[in-house]
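Take a look at this single chain, the form predicted on its own, given in structure tokens.
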């Protein structure tokens, strides 16, 4: 592990406490998170603050908050991290190598790479736009990720089929002994990674939960085991 804890500097944002994103319940009650695993998942409903905090970590790491590494310079509207200046990261040791993936701005990132063709060799040697969405994501994971790095991923399952989510778990496994992953996700498949730390942003303050206690696991299992009954409840409510 490299990143050990994330702390919100409350005295610095006291005047902003009623403004977004400081008004998000998980952020409003946030003090400090201790990370205990090389693989950490942020879970919670849309708008729960998990992506906001992940983006702020990317800001403090010096990564482009539109997606990419410290060396990727391009702009995307609404990608600026408001929370970023108000958190403090504790490292042991501090590293500067890594990558921030935002599913929602991946198209712009791929277009940015096409403007610097020499960079494509680090992403599999082919334009990401000339691959399917899922193929492009896996190309980044397999070719760009390496040892002694921190990888921040915001909903990577957005472009991955279930089979490719399993393939991504293998990427994590192959690197987890020498790299650190922090992943915001809704995927019950990804959350099943063994010995991962799962932090629930629907709890205020954020708390660690077990895999079987996540709503992603509970709802998926309920649907698969009682599909007809669950659909009847939804359609006839």
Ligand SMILES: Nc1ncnc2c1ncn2[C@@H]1O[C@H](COP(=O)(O)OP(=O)(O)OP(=O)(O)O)[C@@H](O)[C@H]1O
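Numbering follows the first chain given and starts at 1. Since this is a predicted model, take the numbers as computed values, not measurements.
One more form of this protein should be noted, the form predicted in complex with the ligand, which is absent from this view; the next part is about it.
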Complete contact of 47, 52 and 186 with the ligand in the predicted complex (any heavy atom, 4.5 Å): yes
Heavy atom of residue 20 within 4.5 Å of the ligand in the predicted complex: yes
Heavy atom of residue 215 within 4.5 Å of the ligand in the predicted complex: no
The ligand in the predicted complex: contacting segment from 203 to 211, 38 to 46, 189 to 197, 174 to 182, heavy atom within 4.5 Å: 38 to 46
